[in-house]
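The data below hold one chain only, encoded as structure tokens and taken in the form predicted alone.
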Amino acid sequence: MNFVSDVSGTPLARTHHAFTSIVKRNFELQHEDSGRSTRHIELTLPEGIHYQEGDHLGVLPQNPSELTERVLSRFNLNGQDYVNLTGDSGSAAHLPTGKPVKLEELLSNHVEFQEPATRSQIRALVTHTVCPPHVKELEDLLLDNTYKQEILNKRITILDLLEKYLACEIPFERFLALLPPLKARYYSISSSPLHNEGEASITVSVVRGEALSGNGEYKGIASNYLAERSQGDKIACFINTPQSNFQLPKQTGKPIIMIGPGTGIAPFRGFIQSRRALKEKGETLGTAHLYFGCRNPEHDFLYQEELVQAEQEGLVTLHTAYSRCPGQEKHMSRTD
């Protein structure tokens, strides 16, 4: 591994033929009293990029700075330095070997840090640990029940273990090679190209909560990355069409039933936008029923005004179910 002075691109973006979209709007859908966060994010797509209702937007996220700083601190590295990973360093195919890359960019865009440690990762830590008691503790984690209870159930990562066992002297490049590649995350597109051509929206449930390990807060990589994007920010992404043929019927007169609790409403928002555009063109629409569930309509009825308006326009019949209304049993109703 050599420190150099240039930067390279990400193989993940090339693999997915990713393009750059621009954030147009990003706002909260949940009421502040819900204690949760769901973001509506509208993106401007590059010219020539097309999608259809029911498609997914694949997002290439970045690891947050607080996570990459933990790695840099553990290995006593400077994120502004450049490295050139060579093929003989044991680097995996998803790493930019033979090309200069800034450490900060390498850790942000190429590897996953929050997956539970694998047995092979733990064995590698054992090999490079010089303290016998710590070797014994790490070896004990490989036992079936212990591994399940202490690693999988608590989602303990290889980084967590490295921070706990300072006697482990694993080289940085070996640590990198043990990490899985940073994966794309998929979100149902919550808009129709017939509504705003050249734009797409996604509905993102932001994952945050107490870490299962009991140590601090767990934050989902992609959802928090997206939640923090502002107007004008760039996001690397791509269009993915599911093989399940999850689309509106080509015969517009066919009746449809849509079931989408929570953020499951996302693709059906696009379906309804499409139905509105088709109706305006004079197409005959079949009946459509939408079943939507949430905890409390005062807190997390996503797109409530839009859906009620769509029902008033005759685009859909709305059925709702609420699970946590104070003083009320779980129930389902039809709006009139």
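Note that residue numbering follows the sequence shown and begins at 1. The structure presented is a predicted model; accordingly, all values stated were derived computationally and were not measured.
In what follows, reference is made to the form predicted in complex with a small molecule, a form of this protein that is not presented.
S.K.: Among 114, 223 and 263, does every residue place a heavy atom within 4.5 Å of the small molecule in the predicted complex?
M.R.: Yes, all three are in contact.
S.K.: Should residue 246 be classed as touching the small molecule in the predicted complex when contacts are defined as heavy atoms within 4.5 Å?
M.R.: Answer no; every heavy atom of residue 246 is more than 4.5 Å from the small molecule in the predicted complex.
S.K.: Using the partner position in the predicted complex, report whether residue 204 sits within 4.5 Å of the small molecule, counting heavy atoms only.
M.R.: Taking the distances in the predicted complex, the answer for residue 204 is yes, it comes within 4.5 Å of the small molecule.
S.K.: Please check if residue 75 has a heavy atom lying within 4.5 Å of any heavy atom of the small molecule in the predicted complex.
M.R.: No.
S.K.: Would residue 98 show up as a contact with the small molecule in the predicted complex if we use heavy atoms at 4.5 Å?
M.R.: Looking in the predicted complex, residue contacts with the small molecule do not include residue 98, since no heavy atom lies within 4.5 Å.
S.K.: Please pick out the stretch from 163-171, 229-237, 100-108, 205-213 that is in contact with the small molecule in the predicted complex, where contact means heavy atoms within 4.5 Å.
M.R.: The contacting stretch here is 205-213.
S.K.: Among 40, 295, 56, 276, which has at least one heavy atom within 4.5 Å of the small molecule in the predicted complex?
M.R.: Only one listed residue qualifies here, and that residue is 56.
S.K.: Just to be sure I understand the contacts: of 84, 129, 188, 121, which is the one whose heavy atoms reach within 4.5 angstroms of the small molecule in the predicted complex?
M.R.: In short, 188.
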